[in-house]
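Starting off, we have a lone chain in the form predicted on its own, written out as structure tokens.
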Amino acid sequence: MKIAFIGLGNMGGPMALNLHKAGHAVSAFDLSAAACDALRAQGVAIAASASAAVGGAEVVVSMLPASQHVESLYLGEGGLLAQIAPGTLVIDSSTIAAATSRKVAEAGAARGIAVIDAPVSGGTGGAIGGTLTFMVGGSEADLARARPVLEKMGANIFHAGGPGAGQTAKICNNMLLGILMIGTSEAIALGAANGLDPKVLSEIMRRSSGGNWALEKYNPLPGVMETAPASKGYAGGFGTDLMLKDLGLAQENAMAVKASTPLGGLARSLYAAHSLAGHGALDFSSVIRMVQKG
């Protein structure tokens, strides 16, 4: 299958590579020359532009930072929906506003192009290992077409509902994740301030009623879990500013449907303060620095 992949960042790069390793003819593109070079070195074909990448593609996959990037890519001047052939399947795995996903899907449908939103969970480890969870918004028929592609990048595929539903599921998940990371950071910092060994405390909580994903796979304290971004200078992973963006999307959605999300709002404020302190590019688990003693 000929697949165009647009967006080769910390998540998109490994995802595109897994499609390449699965035997698909991948034509990839990113505005970052370094990101393109990294994939080219592993045998992935790099196109000169997004327009060049989608030429003749049966499937187009995109993984971009925010709503404005997705809207510009597909609907802006010279947008891809005007260049992609009718019958093509578009899979957007960016985490963006559900309204933007619906807008792109409606524009695609008008041109005979199927568009599904398929944001992911699982972090960079899941992207590299091909074990991501996909939350899909779109028709059952379009998801059936997408499955052979998604299965090469993920281990879990959920149909959340119609267009935009995948995005709604994702912001609910990431709001909870942001809250859990702050709570986990506070608990570890409190234990350390009392002289407890953070590794021992983390294991106690992991196996007790406080157990959660951060304690299992993404401990926020350096040296506790060598595979976590915390032990790599908070490099890579999922940036604070990306978490801040997702929490903002959650709050916008909550206001639109009049839902009460007080902890989500507080979490957004804390990540905003962390970003303003100069930590926006660091992994979101670096929020522990806000609560560490000394």
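Just count from 1 along the sequence shown to find any residue number. As the structure is a computational prediction, the values presented were derived from the model and not from experiment.
Here the subject shifts to the form predicted in complex with a small molecule, a form of this protein not shown in this document.
Just one of L19, M11, L282, L270 comes within 4.5 Å of the small molecule in the predicted complex, counting any heavy atom, and that one is M11.
Only one of S139, T124, Q83, N156 lies close to the small molecule in the predicted complex, with a heavy atom inside 4.5 Å, and it is T124.
Although the small molecule is omitted here, in the predicted complex none of K103, G164 and N253 has a heavy atom within 4.5 Å of it. Interface membership of T184, defined by any non-hydrogen atom within 4.5 Å of the small molecule in the predicted complex, is ruled out. Shown alone here, L242 lies within 4.5 Å of the small molecule in the predicted complex, counting heavy atoms only. Contact annotation: L201 falls outside 4.5 Å of the small molecule in the predicted complex, judged by heavy atom distances. In the predicted complex, the small molecule sits beyond 4.5 Å of every heavy atom of V224. Stretch 66-74 is the answer when you ask which of 39-47, 53-61, 257-265, 66-74 has residues with heavy atoms within 4.5 Å of the small molecule in the predicted complex.
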